[in-house]
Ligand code: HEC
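Below you'll find only one chain, the form predicted alone, shown as structure tokens.
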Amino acid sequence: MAKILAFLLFLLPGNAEPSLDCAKCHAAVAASYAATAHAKASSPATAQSILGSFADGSNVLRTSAPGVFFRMEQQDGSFFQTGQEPGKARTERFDLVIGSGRRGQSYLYWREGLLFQLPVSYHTSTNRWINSPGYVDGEVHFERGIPPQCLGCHAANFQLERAPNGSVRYQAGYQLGIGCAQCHGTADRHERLQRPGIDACARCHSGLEHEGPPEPDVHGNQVGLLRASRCFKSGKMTCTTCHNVHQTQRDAESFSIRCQSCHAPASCPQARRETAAAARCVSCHMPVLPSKLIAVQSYRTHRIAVYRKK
């Protein structure tokens, strides 16, 4: 418990005001939350937080271009990516881990007070290094800058400031991971904290500003898809009807019991034919669909509907 509370104290300095230490009174909730993907949305790069292998034979990502590859290396407690192409190489350090690792991770490095994405990411289901989203295969390129709006869904308080020399940099005082304040706000008294509604979820689960129609994607508009569902339009549900963000929830079928609070199994033709189908509401009405943004991933759509088998 002491380790969990220490982790939460690292996560929570900006989660409320210093006078409100959430973990002090809500130890059980804090312990449970520390294991969730939200809490692990970003972290310092360490041997424990980086999931990809640095062992010989597993630490190289080949590309489609002859002579161009990336090597992941560990040296004196630090971790590095080296991009190699004919006649030259470039090396940058793993500084921050983005992503809990449930599906994968991407990595950032600091340069002159700003953050940039490393060109190699990690894919969990295949346990391998992959080309980072946004980078072209076969090119050694380390210049994808990370703006505050990207960091806002994986961390807190990444604010830009003007340095004395006129350059732009991130201010100190940021917090890694998703802390209490990002959903509950900050206050000097407990009764002033807010109970988050769907708008709090929408800040990170409504897609990118430049996207068009809602897409079933982790970076797509899952809140938009939910709002397009008849279940949501009934006025009887919101995100927290199914999700408890303070707990790790991995069994999709366990959510089916929530469906039955409004829908009797006898109303489902499939359940009438097969009794076991009553425990598979989510599989039928919220299927896993391929990502339109990340080619190697699939995600569960939050548009609750009847999907015809093709």
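Sequential numbering from 1, following the sequence displayed. Computed from a prediction, not measured in an experiment: that's the story for all the values here.
From this point on, the text means the form predicted together with the named molecule, which you will not see here.
Student: Just give me the single entry in V60, C242, A65, A45 that has a non-hydrogen atom within 4.5 angstroms of the named molecule in the model of the complex.
Tutor: Looking at V60, C242, A65, A45 one by one, just C242 meets the 4.5 Å heavy-atom criterion.
Student: The named molecule isn't shown here, but in the model of the complex which of I130, L114, V140, C231 has a heavy atom within 4.5 Å of it?
Tutor: Exactly one listed residue reaches within 4.5 Å, namely C231.
Student: Based on heavy atom distances of 4.5 Å or less, which listed stretch (73-81, 101-109, 160-168, 87-95) is in contact with the named molecule in the model of the complex?
Tutor: Within 4.5 Å of the partner lies stretch 101-109.
Student: Although the named molecule is absent from this view, report whether C259 comes within 4.5 Å of it in the model of the complex, heavy atoms only.
Tutor: Heavy-atom contact with the named molecule at 4.5 Å: present for C259.
Student: Contact between R192 and the named molecule in the model of the complex at 4.5 Å, heavy atoms?
Tutor: Flag for R192 set to no.
Student: At 4.5 Å between heavy atoms, is H184 in contact with the named molecule in the model of the complex?
Tutor: So H184 counts as contacting the named molecule.
Student: Might L118 be said to contact the named molecule in the model of the complex, defining contact as any heavy atom within 4.5 Å?
Tutor: L118: no contact with the named molecule in the model of the complex.
Student: If you apply a 4.5 angstroms heavy atom cut-off, which residues in 64-94 are near the named molecule in the model of the complex?
Tutor: Nothing in this stretch is in contact.
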